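The chain below stands alone and is given in structure tokens; this is the form predicted alone.
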Amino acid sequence: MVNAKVLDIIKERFSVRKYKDQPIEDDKLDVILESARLAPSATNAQPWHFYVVKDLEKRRALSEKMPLGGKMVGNSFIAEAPIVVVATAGPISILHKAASFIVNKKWYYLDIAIALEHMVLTAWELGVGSCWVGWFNEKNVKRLLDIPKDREVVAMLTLGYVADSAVPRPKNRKKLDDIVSYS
């Protein structure tokens, strides 16, 4: 059987919602961010900009920037993570907008998803956990971080060392035969 290190990482990795109170070393953070920089993007537009939030008060405020408030949705773990990466798109080039319009797809969503997944997998390899966050109030997040109007907040990613009490949820996935067709 073929052995693929990245597949092992994918199998092990889980969404972390409990973090140790331990900062991530700058050299590890740089490697994680570099993996996003190297991600492919449609027309090589690289439409991303990442806001790295280390400040505790801002992380606490982010955890409250949910559409129904932080307590109702259970995203208080955002404040516990030593780092929150806010991924934005924009400004979007005319070529990118035209291509998106022609095929009715916002390619920059896919581009940013790929870049974030590069970060997730690299982080795990370095011993750092993460969790995607898609439930937030964009207007409030933009105001808190002073994000320009021509950028769209696409997702957030928490990063931190996994707390001993963090438990992975079972990975209930469909069988490969159920999701793949050959022609």
Ligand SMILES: Cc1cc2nc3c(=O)[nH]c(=O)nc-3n(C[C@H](O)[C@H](O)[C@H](O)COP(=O)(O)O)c2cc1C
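Predicted model, so just to flag it, every value in this text is computed and none were measured. For every residue, the number given is its place in the sequence shown, counted from 1.
Note that the form predicted together with the named molecule isn't included here; everything after this is about it.
Checking L29, V128, V153, C131 against the named molecule in the model of the complex, a heavy atom within 4.5 Å turns up for just one residue: C131. Although the partner is absent from this view, Y51 stays clear of the named molecule in the model of the complex, with no non-hydrogen atom inside 4.5 angstroms. Although the partner is absent here, K174 sits far enough away that none of its heavy atoms falls within 4.5 Å of the named molecule in the model of the complex. Taking non-hydrogen atoms only, F77 approaches the named molecule to within 4.5 angstroms in the model of the complex. When contacts are judged by a 4.5 Å heavy atom cut-off, K20 does not count as touching the named molecule in the model of the complex. Interface residues of 14 to 42, taken as those with a heavy atom within 4.5 Å of the named molecule in the model of the complex (partner not displayed): F14, S15, R17, in sequence order.
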